[in-house]
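Only one chain is shown below, in structure tokens, and it's the form predicted alone.
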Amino acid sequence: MYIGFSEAETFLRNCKDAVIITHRNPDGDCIGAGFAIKEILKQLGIKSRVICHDDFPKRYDFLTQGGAGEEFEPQAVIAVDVADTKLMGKYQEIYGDKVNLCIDHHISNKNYAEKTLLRVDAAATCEVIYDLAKFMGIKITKHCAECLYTGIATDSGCFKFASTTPHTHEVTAEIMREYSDIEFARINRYMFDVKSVGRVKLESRLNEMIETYLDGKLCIISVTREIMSELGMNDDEFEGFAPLTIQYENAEVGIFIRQRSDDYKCSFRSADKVNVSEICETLGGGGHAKAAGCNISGNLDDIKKQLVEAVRKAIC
């Protein structure tokens, strides 16, 4: 059931012992959203903890260093930035049908929770949470502000994606005015500019690995475990590479494929008019019109053929 801020406030003020679920391959928005909700619940005197199928990348230590929370048997289940229960990974079986409240901004949200606060016009789930906190009259602490800013900045591509709206800028401006002592430039530098030696080498390699299909309208980059091992890179260092796939002038769709232990994560990007969320939904995934994804198991060559055919149907 879709709800508004009033119903979400009622739930949060009355819940107890809440577990907050973030999605697999955590990014700045789901981590920021998870720890921002944890901070809000703390102010309400409610115990909570943040969980994720995967470890949180070290680059987000400044958000997570306070700890995800102690172990306890939850009485309430909250999902943030999770459009589909299968994105919960190992927690799907445990909590997938027990989610009381989902806060999200993905148009592909499956409405799986008892209550869903969905704002598809928001650039990030953290933007939704900021507005919710203001609606509730909750003071946004410095740490909460860092969480929210990081989530908004990363999910908007440092405010360059089409999802960025005037309200997105207004929210971040309010955060920056209230907490001028937060090093926002440092956050942006570490989110977008600072790279490991392996990442710099990989980016150079990736530019040479771009494969073009459909007369250059589709570009694909594939990273296998072998390449990762060769460059000495970890899984958490692969955030932010997908935009490389739409840098060619004729590209309409780009796909960044990364091999995981049990499948391949396929991150789609749209250069302009193609709705990649609709393509990903045909492959069991989803997301936004210009940024979406899916997970596929099998042989890499066969997966590429499947992806090319799915894109062909969408753009031809």
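Just count from 1 along the sequence shown to find any residue number. Bear in mind the structure is a predicted one, so any value in this text is a computation, not a measurement.
Just so it is clear, the following notes concern the form predicted together with another copy of the chain, a form of the same protein that is not shown.
The three residues 149, 189 and 196 all sit with a heavy atom within 4.5 Å of another copy of the chain in the predicted bound form. From the list 43 to 51, 254 to 262, 269 to 277, 29 to 37, the contact stretch for another copy of the chain in the predicted bound form under a 4.5 Å heavy atom rule is 269 to 277. In the predicted bound form, another copy of the chain sits within 4.5 Å of a heavy atom belonging to residue 164. Remark: residue 160 counts among the residues lining another copy of the chain in the predicted bound form, judged by a heavy atom distance of 4.5 Å or less. Looking at residue 70, you'd find every heavy atom of it more than 4.5 angstroms from another copy of the chain in the predicted bound form. Using a 4.5 angstroms limit between non-hydrogen atoms, residue 139 is distant from another copy of the chain in the predicted bound form. In terms of contact with another copy of the chain in the predicted bound form, the residue from 230, 215, 183, 211 that brings a heavy atom within 4.5 Å is 183. A heavy atom within 4.5 Å of another copy of the chain in the predicted bound form is found for one listed residue only; from 234, 75, 111, 204, this is 204. In the predicted bound form, the residues of 169 to 187 lying within 4.5 Å of another copy of the chain by at least one heavy atom are, in order, 169, 170, 172, 173, 176, 177, 183, 185, 186.
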